[in-house]
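Before any questions on binding or motion, here is one chain by itself as structure tokens, the form predicted on its own.
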Amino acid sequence: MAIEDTRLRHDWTRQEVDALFALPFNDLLFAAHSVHRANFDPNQVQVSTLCSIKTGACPEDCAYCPQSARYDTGLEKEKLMAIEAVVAEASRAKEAGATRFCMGAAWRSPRAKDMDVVLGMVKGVKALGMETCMTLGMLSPQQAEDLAQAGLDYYNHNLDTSPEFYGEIITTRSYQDRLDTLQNVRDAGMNVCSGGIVGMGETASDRTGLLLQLATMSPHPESVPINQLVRVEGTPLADEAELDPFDFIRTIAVARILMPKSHVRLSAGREDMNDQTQSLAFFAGANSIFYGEKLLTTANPRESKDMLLFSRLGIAPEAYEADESAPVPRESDSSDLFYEAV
């Protein structure tokens, strides 16, 4: 393995990504941690809180999702929250240590009559001095522009998996639909939050395909959530086999190498991870988490448990300056490092 100083890359090939996944585990972790350390403070983690502003009754058929109206998961439907209630949730999240407040609605795309409320939520949370993020499904160019004008910092729209495996998971919207929404977000000037889910029955080649799709975007997504499938009774993936934790850590590590300037988020599935697995993920380059008891509708470690782990590891929450669009990565004499298997 050779270490090279080079430009930030958007021309990764499948062969290169496969080679990274195939590295001996210790070599891969060393490479990923070196890239992480060159671009970020290795002992800081960005902390976000996720709030479900409208729960259930989604018309999509995403096979992993308990909010789909097509599956009986026992989830109670809830209407769109009031602006004041969302701002109050954000205020509590800030007091608990979160710097970014993410709002998610179970929609295929926002309806015109709901946009004014959504825009009010963005403005209210921004007034607290927090970063804002939303995930509302597909966006038109005008909707993206409206959100940007309201002050939305990040828009989350995951690709979920590789283009090849995507049809096994979702049939109600295409891969291109997702890419189009991400382009609308970019064109409006917002930061992109986009990643995927592992452990859905995909092959190792599909994990390569997902990360390759993200790493060849120009620019890279500023935030890359890597989710581990949460198996929910009533969904088609409820009985899916558990993913090997080492495969999950490999995915985090390869994402860090391919997208050295992006925040890589250790996202859904943390409730089922022990402290050792989470610690390895942080070492491998994860530097963002969701903080709180729930991720939309699924469990997440309690805030006190996260802070206890942070204390044991010597990790601190990353600060956020309200007058900047995003946290500034750590300065390095050799930025844009990447590792190439030889």
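Just so it is clear, the structure is predicted and the values come from calculations on it, not from any experiment. All residue numbers refer to positions in the sequence shown, first residue = 1.
What follows is about the form predicted together with ligand SAM, which we do not show.
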Using heavy atoms and a 4.5 Å cut-off, decide whether Asn184, Leu210 and His263 all contact ligand SAM in the predicted bound form. no
Only one of 115-123, 172-180, 248-256, 79-87 gets a heavy atom within 4.5 Å of ligand SAM in the predicted bound form; which is it? 172-180
Contact between Gln228 and ligand SAM in the predicted bound form at 4.5 Å, heavy atoms? yes
With the cut-off set at 4.5 Å between non-hydrogen atoms, does Tyr64 touch ligand SAM in the predicted bound form? yes
Might Ala268 be said to contact ligand SAM in the predicted bound form, defining contact as any heavy atom within 4.5 Å? yes
Does the 4.5 Å heavy atom contact test between Asn158 and ligand SAM in the predicted bound form come out positive? yes
Residue (of Ala150, Ala105, Met130, Ala215) lying close to ligand SAM in the predicted bound form, criterion heavy atoms within 4.5 Å: Ala105
The one option of Asn191, Thr135, Gln143, Thr99 with any heavy atom within 4.5 Å of ligand SAM in the predicted bound form is Thr135
Partner contacts in the predicted bound form for 241-257 (non-hydrogen atom within 4.5 angstroms of ligand SAM): none
